[in-house]
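Listed next as structure tokens is one chain, alone, in the form predicted alone.
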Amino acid sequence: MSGRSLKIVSVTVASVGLALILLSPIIGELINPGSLWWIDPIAYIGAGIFIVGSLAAFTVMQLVSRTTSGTNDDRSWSQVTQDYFDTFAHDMGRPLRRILGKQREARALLNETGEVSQHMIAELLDEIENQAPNFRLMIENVRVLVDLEDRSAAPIIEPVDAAAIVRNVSDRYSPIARERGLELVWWCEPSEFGLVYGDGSALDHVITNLVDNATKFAEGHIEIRLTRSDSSFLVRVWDDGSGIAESHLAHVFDRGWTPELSARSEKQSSGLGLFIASSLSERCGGELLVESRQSNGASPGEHYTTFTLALPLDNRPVATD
């Protein structure tokens, strides 16, 4: 089996694991109606399958990359595997704990009273809905990282409704923003934005990573702005978080880097999202820039971070005679 086929199989396995996690309440109800007993085992089985599939994809990716380049990696195969295991175990742990926490509350009530309130069931379903974008982003990050290792791959150029993509991302993250007490708004100028020629999947993925990052650090507001010029269009994702230190700005797109590394504290994310967003932007003929300001004693509250994605309006190859 070729390296590409192995990568496809691995990502498929990871997708099955993700589906089991999200569908665990429904599957548990089908197995034993009226009982929550099966949700935990099914969710953990799904988590295990997701991690195994993700690790397999990355392992194949690394082996193929080293074979193609003809260079020796000074890290052992086992170390590469361990690194990726840590990454996905970390990223999966937080949303999985949230879902299973609600499930355990419902099970405790069921054990105590013999029934579960509609309100508690609604909370469990809401939590699954709120965490679904996190799981979706994780599996998409796996797929994109695999694709980025293929040096010969090119963007898929097609007519793209950029405004619809921004709106869809905003709709996916609005429930998460509300849960965290954040206001998330988006707008485009002109209002009738029209079509651009580019890779719609890549555009969606870059914006998703930027908005996901903003929901982690914003204090109250997130704004997504879509504008265009004669030759390019811009997507700006602004948040009113505490900002990024000037000395850190040069590292925000480094693979695996997070602000916690410099403080030697526990990482809140894997540090892959912004690396992927920057790499995808460059592959699509654009660039991703960051601007940030931290508050100080003289101007308290004047802090923000803005990521600006710039892409050509028409990324079709120029025809030559």
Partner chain sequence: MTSRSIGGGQKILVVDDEHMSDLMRSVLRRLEADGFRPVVVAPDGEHVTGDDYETHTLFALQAERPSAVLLDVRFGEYDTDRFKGLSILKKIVEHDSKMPVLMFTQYAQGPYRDTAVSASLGASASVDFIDKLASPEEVVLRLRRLIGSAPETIKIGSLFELDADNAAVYAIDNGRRDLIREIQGMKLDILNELASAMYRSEGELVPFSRLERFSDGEDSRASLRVRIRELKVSLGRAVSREFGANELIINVRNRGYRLVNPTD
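Residue numbers count along the first chain shown, from 1. Predicted model only: the values in this text are computed from it and were never measured.
Missing here is the form predicted in complex with its partner chain; even so, the following discussion is about that form.
None of 175 to 183, 242 to 250, 101 to 109, 117 to 125 except one has non-hydrogen atoms within 4.5 angstroms of its partner chain in the predicted bound form; the exception is 175 to 183. Checked against its partner chain in the predicted bound form, the candidates Asn130, Thr215, Thr227, Asn168 yield a single residue with a heavy atom inside 4.5 Å, and that residue is Asn168. The closest heavy atom approach of Ser152 to its partner chain in the predicted bound form falls outside 4.5 Å. Although the partner is absent from this view, Glu219 stays clear of its partner chain in the predicted bound form, with no non-hydrogen atom inside 4.5 angstroms.
Its partner chain is not drawn, but in the predicted bound form it has no heavy atom within 4.5 Å of Ser232. Contact annotation for Leu148: none of its heavy atoms lies within 4.5 Å of its partner chain in the predicted bound form.
Applying a 4.5 Å heavy atom cutoff to its partner chain in the predicted bound form picks out Arg236, Trp238 from 227 to 251, in order along the sequence.
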